[in-house]
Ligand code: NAD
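Let's start with one chain on its own, the form predicted on its own, as structure tokens.
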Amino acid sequence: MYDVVIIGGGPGGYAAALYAHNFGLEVALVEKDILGGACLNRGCIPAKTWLHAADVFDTVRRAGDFGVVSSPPEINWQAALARKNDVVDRLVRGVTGLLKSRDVKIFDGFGRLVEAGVAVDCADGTSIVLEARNVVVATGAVPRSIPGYDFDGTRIISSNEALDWTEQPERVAIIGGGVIGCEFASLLSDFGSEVHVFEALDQLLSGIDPDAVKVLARTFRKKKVAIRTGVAVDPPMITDAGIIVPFGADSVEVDVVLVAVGRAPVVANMGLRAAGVKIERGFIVADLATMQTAVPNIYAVGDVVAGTPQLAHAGFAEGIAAITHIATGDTQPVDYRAIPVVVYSHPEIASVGLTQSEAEEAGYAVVASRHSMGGVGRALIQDKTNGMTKVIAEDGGSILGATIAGPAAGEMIHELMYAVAWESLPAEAAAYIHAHPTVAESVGETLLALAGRSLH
């Protein structure tokens, strides 16, 4: 009898398994694919490895701007792919080793709920039942497609296949201008591919502050990325020369179509409804204070949970919350207000808390401060002045949210994460001095202005 059986070895699942060690719980983890889930194997880590390679390529390409003489760079795609695979393999081995060192029993197979706990259809063809006092469902999500664009693995693909391209595609249409679509558009355009982005909504990166999105759109235009927002595509026509993607009265011809329209939760054939777990629109409904489902001893964490962000670090926090409740009965709910979101494009975009429009729609009287990277010495040194920092607060009250676009945005957002989480007043946060010259000075300048005491 296990204290906890976890179905799914991605961020939410392995974080729950690792955290259970703190309470001496007997834990089993069931994974039908590869430990680490989409994040380590087909998402965060491989995508960011490719993005870093693209950043290095672009840096070398522009070396002459800094007085450094070099030959025009060439991308050795196979070497970059091998490095990506090596990074992924090392991290997967690390997670596997950590789980084993904490006495987590790992089962290779498909897990489904049964009355006694979890039945596992093992990879070797056998079946076993793991008796469990509690179950944590952490089965993650998979790429969605759209009508007419069923994945074939070569011409019409998801991000899974794109991360393993064996050669650089020359012409790519990306359907979906969200985080995944924009990250691929960024890395491919840095390498010199012809890129077309189609987004049905009126803005790329829906939910991100429009001022930050404009920063990325400017960069995309300089790199000749064709951005079409408010546009729906019609089913493609596949020819010997390529794929024709129609939209309205027009069309483009490309070599491959990457569909990046979001991810669907994995809940099929697991016996969830039969066990009494409530599912809405494919997602598991859970009490976000405890991560319990409608069945008290069945918990859900990560991308399968309704109404929470599909982010690896959100899954980590939800895994911790679930184990805390299982082990102690106490609650340690995730503060979703203060979870940073990072788009690892070039330039990066990062946000936390509410955007200005979200705050206004929620009824706040909002004050905002915005500081351009154009006046930041370190950004000028790096020739990365296309960016800005924006912080919003309730008029006379605390900081509600922030967005940064520019170099190191994903690192800098964390100090503003604390400001949002701790409901800091702008004057309180502005009282602390940032080192000079740093890109982070843009945060300090923005806070000073928000507090009514601007410096530059």
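Predicted model only: the values in this text are computed from it and were never measured. Heads up: residue numbers just count along the shown sequence, starting at 1.
Although it is not shown, the form predicted together with the named molecule is what the next lines describe.
Of the options P347, G181, G117, P236, which one has a non-hydrogen atom that comes within 4.5 Å of the named molecule in the model of the complex?
Partner contact (heavy atom, 4.5 Å) among the options: G181.
Ok, A338, A200, V87, A294: which has a heavy atom sitting within 4.5 Å of the named molecule in the model of the complex?
Among A338, A200, V87, A294, a heavy atom within 4.5 Å of the named molecule in the model of the complex occurs only for A200.
From the candidate stretches 215 to 223, 247 to 255, 67 to 75, 305 to 313, select the single one in contact with the named molecule in the model of the complex, where contact means a heavy atom within 4.5 Å.
It is the stretch 305 to 313.
Candidate site K48, I146 and G177: all three near the named molecule in the model of the complex by heavy atom within 4.5 Å
Heavy-atom distance to the named molecule in the model of the complex: all three under 4.5 Å.
Classify G262 as contacting or not contacting the named molecule in the model of the complex by the rule of any non-hydrogen atom within 4.5 angstroms, answering yes or no.
Residue-level check for G262: yes, a contact with the named molecule.
Is V366 a contact residue for the named molecule in the model of the complex, using a 4.5 Å heavy atom cut-off?
It does not: once the named molecule is placed as it appears in the model of the complex, V366 has no heavy atom within 4.5 Å of it.
My question is simply whether L130 lines the interface with the named molecule in the model of the complex - judged by any non-hydrogen atom within 4.5 Å.
No, L130 sits far enough from the named molecule in the model of the complex that none of its heavy atoms falls within 4.5 Å.
Do I208 and the named molecule share at least one heavy atom pair within 4.5 Å in the model of the complex?
No, no contact at 4.5 Å.
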